[in-house]
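As a starting point, one isolated chain is supplied in structure tokens, in the form predicted on its own.
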């Protein structure tokens, strides 16, 4: 039986939390999510929203995209091709924690790594 994305996400979160040497309570404080709710996510009982996943990614200091893939919100792209680049750009543009200037800088920086001709802002 294939694990559901929610329980797969919970296991992934727990593994990331343990690798970061954080207790459940510490991650809850870092991410601004209640300890009981975080416990339910790790046990696969709750499916978190994109905002919650973003807060958890920030608390764990990992890519939100990784959590979106494990939650089943994004498809994993094993080739690392065009779809992955579009997903990164979409995530940067959608991040409510970034200012317009920060988004522009990140998009330019990302483009400099993956594109033949980076999109530079004036």
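Here the rigid core means the biggest group of C-alpha atoms that line up within 1.5 Å when the two forms are laid on top of each other. As the structure is a prediction and not an experimental result, all values here were calculated from the model. Numbering follows the first chain given and starts at 1.
Omitted from view is the form predicted in complex with a further copy of the same chain, to which the following refers.
Though the partner is left out of this view, residue 47 does reach within 4.5 Å of a further copy of the same chain in the predicted bound form, counting heavy atoms only.
Within this chain, residue 33 is remote from the site of a further copy of the same chain in the predicted bound form, having no heavy atom within 4.5 Å. Using a 4.5 angstroms limit between non-hydrogen atoms, residue 61 touches a further copy of the same chain in the predicted bound form. a further copy of the same chain is not shown here, but in the predicted bound form it comes within 4.5 Å of a heavy atom of residue 65.
Contacts between 8-37 and a further copy of the same chain, taken as any heavy atom within 4.5 Å in the predicted bound form, involve 16, 19, 20, 21, 26.
After superposition on the rigid core, the Cα atom of residue 25 is displaced by less than 2 Å between this form and the one not shown.
Residue 92: CA moves 2 Å or more between this form and the one not shown after rigid-core fitting. A displacement of 2 angstroms or greater separates the C-alpha positions of residue 108 between this form and the one not shown, with the rigid core held in common. Relative to what is shown, residue 102 and residue 20 are closer in the predicted bound form; their C-alpha atoms differ in spacing by at least 3 Å.
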